[in-house]
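Read the single chain below, which is given as structure tokens and is the form predicted alone.
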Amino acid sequence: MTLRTHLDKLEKHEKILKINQPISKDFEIAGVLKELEPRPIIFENVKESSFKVMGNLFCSKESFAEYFGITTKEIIPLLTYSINNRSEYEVVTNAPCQELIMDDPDLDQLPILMHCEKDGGNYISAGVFITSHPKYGQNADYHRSMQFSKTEMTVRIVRGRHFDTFLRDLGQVDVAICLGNAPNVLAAAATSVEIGVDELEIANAMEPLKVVKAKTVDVFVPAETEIVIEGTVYLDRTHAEGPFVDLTGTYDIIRDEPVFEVKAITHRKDAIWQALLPGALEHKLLMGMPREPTIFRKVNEVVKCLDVNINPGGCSWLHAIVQIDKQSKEDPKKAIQAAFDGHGSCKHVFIVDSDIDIYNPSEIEWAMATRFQGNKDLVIFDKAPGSSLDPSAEFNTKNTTRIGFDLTKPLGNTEHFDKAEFPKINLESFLSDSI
């Protein structure tokens, strides 16, 4: 499947809304996407641009799984398999993403959204950055980018990320920003793997991927992507970036960040711009979900792990709910430590039994209410390095207090901890004549 065939499928089954009324890229599109979240939407008539805009495509695990024809339970195995069994993609010479080329690029022609009132500018938030290094090869990841002229953007580059390593080593790095990608590319670009791994090979393992050489920079980009912005990021040229809404739904600070200068823009003849609401459900899914396999793998090394959910209520970054098959009283404590090892930015870990639905917040709270005692089931790691996204962490060091919650029932006689089950009946036989 491609993103286009997926859009056709959504339209055929009336699962995507098309809005034909004129709408502005400044605030209005973002407002509608948020109001109708998680419903997928295509905006057909953007006032400031000839390009259509799509958003809310993958706001839930169900929508992500639907694309691949799998269940939500199969997402972690799919991601784990793809990370461990990367495969070479097919290189082509003709691609939809290069049907038209803007040699004299103008970012104002693109529907780059202004999302929220306090934003520092119009932002690209769904762009997959493809970069390359002579030693480490090609890399794919995300960096938000704020437009400040017709040909320039400032790029938020988190220190320590692979692209940061590339840039500090080389001083300037050629980049292709890809907009309008299928979920195999979106998820692969969000994975945390060792430097030197080409994330597009992970995407290819999830679903066969064709790539094409970019027109003005030495990288390969997904052939089916909608729009590609090519150019160079300079370490020694900086510009103010921010404020911008982060994954937590709070505003990040203003920083001086490297400048991206555009060389060319290539796109499909009927290209659709991909919007990603900052701090909203789709952003959370694409950030948090790729961390679940790493937690699963680490926990499974010490206890039997059944499932992991990095949930939206925890900003899909700071909380992890881990379901285990408890065999000894020490298993929950082992699982807590392993979960933090699997996701270094996690702040709170909740360990539950197999009878708890980890996708139902009420069941997690029920397990805490009925199976948890703070004096013996709480594990505290004080002053540990936390996430830069956590506004409550220490401002300069980002140190935080990590906490693990053992919400499992004791071994042995669990009669007082088991959930009562109601009878299973054939409901239709009682409702068939009802009005």
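Numbering starts at 1 and follows the sequence shown. Since the model is a prediction, treat every value here as computed from it, not as a measurement.
The same protein also exists as the form predicted together with a small molecule; that form is not shown, yet it is the one meant from here on.
Problem set entry | Sole residue of C305, V173, L286, I76 within 4.5 Å of the small molecule in the predicted bound form, by heavy atom | Contact residue from the list: L286.
Exercise. Ok, A190, V212, I112, M206: which has a heavy atom sitting within 4.5 Å of the small molecule in the predicted bound form?
Worked result: The residue from A190, V212, I112, M206 that makes the contact is A190.
Exercise. When you measure heavy atoms, are N139, Y142 and L276 every one within 4.5 angstroms of the small molecule in the predicted bound form?
Worked result: Judged in the predicted bound form, N139, Y142 and L276 all sit within 4.5 Å of the small molecule.
For this session: Find out whether any non-hydrogen atom of H133 is located within 4.5 angstroms of the small molecule in the predicted bound form, and reply yes or no.
Result: Answer no; every heavy atom of H133 is more than 4.5 Å from the small molecule in the predicted bound form.
Exercise. Taking heavy atoms only, is S125 within 4.5 angstroms of the small molecule in the predicted bound form?
Worked result: Result yes; S125 sits at the interface with the small molecule in the predicted bound form.
Problem set entry | Contact of R156 with the small molecule in the predicted bound form (heavy atom, 4.5 Å) | So R156 counts as contacting the small molecule.
Exercise. According to a 4.5 angstroms non-hydrogen atom cut-off, is K326 in contact with the small molecule in the predicted bound form?
Worked result: Output for K326 is no: heavy atoms all beyond 4.5 Å of the small molecule.
Exercise. Among 218-226, 160-168, 79-87, 318-326, which stretch has residues whose heavy atoms lie within 4.5 Å of the small molecule in the predicted bound form?
Worked result: Of the stretches listed, the one contacting the partner is 160-168.
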